[in-house]
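What follows is a single chain, given as structure tokens, in the form predicted on its own.
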Amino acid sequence: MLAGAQTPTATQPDEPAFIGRAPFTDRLNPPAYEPMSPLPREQFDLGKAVFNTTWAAAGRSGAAASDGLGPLFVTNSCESCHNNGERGRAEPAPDKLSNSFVMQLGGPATVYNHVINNQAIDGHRPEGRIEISWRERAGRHADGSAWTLREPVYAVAQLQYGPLPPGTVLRPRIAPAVFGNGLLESVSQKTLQAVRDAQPAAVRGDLLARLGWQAEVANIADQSAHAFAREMGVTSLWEAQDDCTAEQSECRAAPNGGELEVSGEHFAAVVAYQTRLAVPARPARDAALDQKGAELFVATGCAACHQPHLPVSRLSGPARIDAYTDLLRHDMGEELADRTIEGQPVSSLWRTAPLWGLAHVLQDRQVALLHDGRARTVEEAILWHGGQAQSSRRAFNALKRSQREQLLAWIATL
């Protein structure tokens, strides 16, 4: 465990309070994590409305404030990927993509720009179709208990503007949760540097940005602008060009919903909504399980990267968040790496995923964990850990079955 790290229980008198969580009593109306005066509350509520807006094609009757979708896109609303601020959903069937899934592109520049837009408004054709198939992996824990994993294999078909150039990297992504991002964004560089310095050399991470699967996004505004422009084809002051390239003449010539399709007021409100959005409160827990699970979390090395708490500064004074992340990038091994269209693995550096809110996500639906949703359970997600996390995976494999069940049950309360 990192020096000074503790698993959040009751706050001691000399320790800052934990903030950031609130009960999600109405799953359709997620709350802010702190009270607000009337003007910020109005902006929060407006941001929630824009976040939930279904965008329409330019010129659609009655949609003047929310037109400009596409003409090429992946989804038509923020909510469709991040339902009530949560992470993306699992695929509806083994050969079907989740509607929270995006195929980003890396490597050399392509006519398709940043993402493969697999939908289009009337009169236009999608850029291509994403195909997914699965390979099964099987193994056993040290006590002989069997496990299976599913490995996704991706392909892009029916490309409308020619083949992807050699070396193009397929970057499959499921939508991450956005709740709590405002507090993650507020963690200081000094804090994260101290966390990094305290980590053993074998698991020491890289410090980059706060957000994104690979810590590649500086802040909520950038993340929102990228999603609007690249995945919905909706422009804003922050990103005034959609994902169409010069070679896509039909796309570039299509009508738009105005020079900036998201107004400055609406864009600021969406950012404010995400900044203040609470993380679901943890459920009631059995004290004995809570203690044992937390001890196993430390003993297996999970807490070295999934830092149990981080300090944040507030106008009202110091506070802490129990996000269970160090916000650093770690090498997670070749098995989790993105791959080129030729099948060659590339970067496997991933930001430590925050675990807070996991209990809420696990409540009542199939989950899609890790960067592309391949893991159907917390256990599967752990078993995919390699690289700098390989020692923790081995420690998990070496546990007795009863200990694994205790640890998994505890993680499911986060």
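If you're wondering where the values come from, they're calculated on a predicted model, not measured in any experiment. One rule holds for the numbers: they count along the sequence shown, beginning at 1.
From this point on, the text means the form predicted in complex with a small molecule, which you will not see here.
- With the partner removed from view, the residue among Ala278, Ile321, Met332, Ala269 that has a non-hydrogen atom within 4.5 Å of the small molecule in the predicted complex turns out to be Met332.
- Contact check for Gly301: a heavy atom falls within 4.5 Å of the small molecule in the predicted complex.
- The small molecule in the predicted complex is not approached by Asp242, whose heavy atoms all lie more than 4.5 angstroms from it.
- Although the partner is absent from this view, Leu336 contacts the small molecule in the predicted complex, with a non-hydrogen atom inside 4.5 angstroms.
- In the predicted complex, the small molecule sits within 4.5 Å of a heavy atom of Ile382.
- Checking 173-181, 122-130, 280-288, 157-165 against the small molecule in the predicted complex, the stretch whose residues place heavy atoms within 4.5 Å of it is 173-181.
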